[in-house]
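First comes one chain, alone, set out as structure tokens in the form predicted on its own.
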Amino acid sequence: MSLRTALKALPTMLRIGFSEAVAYRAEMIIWVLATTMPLIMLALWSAVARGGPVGRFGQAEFTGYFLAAFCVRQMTSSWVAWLVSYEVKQGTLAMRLLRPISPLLAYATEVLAGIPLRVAIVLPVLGISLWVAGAERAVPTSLGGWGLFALGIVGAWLITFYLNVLLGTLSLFLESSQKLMEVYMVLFFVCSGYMFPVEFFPPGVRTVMEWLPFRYQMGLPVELMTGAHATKEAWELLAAQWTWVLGLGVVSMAVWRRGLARFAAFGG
């Protein structure tokens, strides 16, 4: 598939993906309800903060952080690992391989096409965050801050997508990659800043987490959204995040190509 073919097909694929997202909107609402962990954690940590601040977090800071975590989760989620694993087991991946468009591009557009619907869910939550926590704790307050946040959320989406491709492709090598996906989700919940800010960990543990990709999937965009970093520190963290993007991009593409060489499907 040439780049020109991919670019010509992209708008059509996004339109189809959006139509599917609208058609299956009930499924999306159920998925959104399954990602309300930040709202639960907000209630818990706000109760803790009534007795006094936890680090730099008072009740308003916790509100800004966890509502931002909910918004970032909606914008960066991906279910490609489960989709690839299912299509490998069912053999329906063969149908995608017969098309003149890369299956990975098709998976990516299916995920991206649902973002407009998720923005519709995010906006009211963002409004509540602005009202309760104040603008300085809810969103970037400068154009440069918005630029850093945009870079952070695109990097977070790419890391999540590449990790999903990698995990899904492992189903071509293993009998099932389901257990690995479950381990990945546990690590994501604990290490990404999804359930509590990464800075709550002891310094030694936090150093280890700086070397893992999970923090850059959730914690970093949330911190950039809530203005937790000075500009220099934000750029350093973004450099680490995009190093993960490039590394995972190379590894996941290499594993995908090797995995396809092992793929076989039989019709009946």
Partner chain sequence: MNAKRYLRLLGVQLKASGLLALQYRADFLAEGLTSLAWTFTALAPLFVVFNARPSIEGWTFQESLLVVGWFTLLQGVLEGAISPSLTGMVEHIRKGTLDFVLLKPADAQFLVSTQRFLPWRAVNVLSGVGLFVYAFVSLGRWPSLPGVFASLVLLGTSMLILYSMWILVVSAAFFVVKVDNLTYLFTSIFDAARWPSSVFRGSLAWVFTFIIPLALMTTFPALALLGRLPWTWLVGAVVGSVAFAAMARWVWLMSIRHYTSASS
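Numbering follows the first chain given and starts at 1. None of these values were measured; they are calculated from a predicted model.
Below, we refer to the form predicted together with its partner chain, which is not included among the displayed structures.
**Student:** Consider the chain as shown here, without its partner, and state which of A135, M185, V119, L105 has a heavy atom within 4.5 Å of its partner chain in the model of the complex.
**Tutor:** It is M185 that has a heavy atom within 4.5 Å of the partner.
**Student:** Ok, W146, W131, F173, F189: which has a heavy atom sitting within 4.5 Å of its partner chain in the model of the complex?
**Tutor:** By the 4.5 Å heavy-atom cutoff, the listed residue in contact is F189.
**Student:** Considering only heavy atoms, tell me if M41 and its partner chain come within 4.5 Å of each other in the model of the complex.
**Tutor:** It does: once its partner chain is placed as it appears in the model of the complex, M41 has a heavy atom within 4.5 Å of it.
**Student:** Is the gap between V48 and its partner chain in the model of the complex 4.5 Å or less for some heavy atom pair?
**Tutor:** The answer is yes: V48 has a heavy atom within 4.5 Å of its partner chain.
**Student:** I30 near its partner chain in the model of the complex, any heavy atom under 4.5 Å?
**Tutor:** Although its partner chain is absent here, I30 would touch it in the model of the complex, with heavy atoms inside 4.5 Å.
**Student:** Does F196 make contact with its partner chain in the model of the complex, using a 4.5 Å heavy atom cut-off?
**Tutor:** Looking in the model of the complex, residue contacts with its partner chain include F196, since a heavy atom lies within 4.5 Å.
**Student:** Please determine, with the chain shown alone, which of 236-244, 50-58, 220-228, 64-72 has non-hydrogen atoms within 4.5 Å of its partner chain in the model of the complex.
**Tutor:** Only one stretch passes the 4.5 Å heavy-atom test: 50-58.
**Student:** Identify whether its partner chain in the model of the complex is within 4.5 Å of every residue in the set R96, F214 and V250, based on non-hydrogen atoms.
**Tutor:** The answer is no: none of the three residues contacts the partner (heavy atom, 4.5 Å cut-off).
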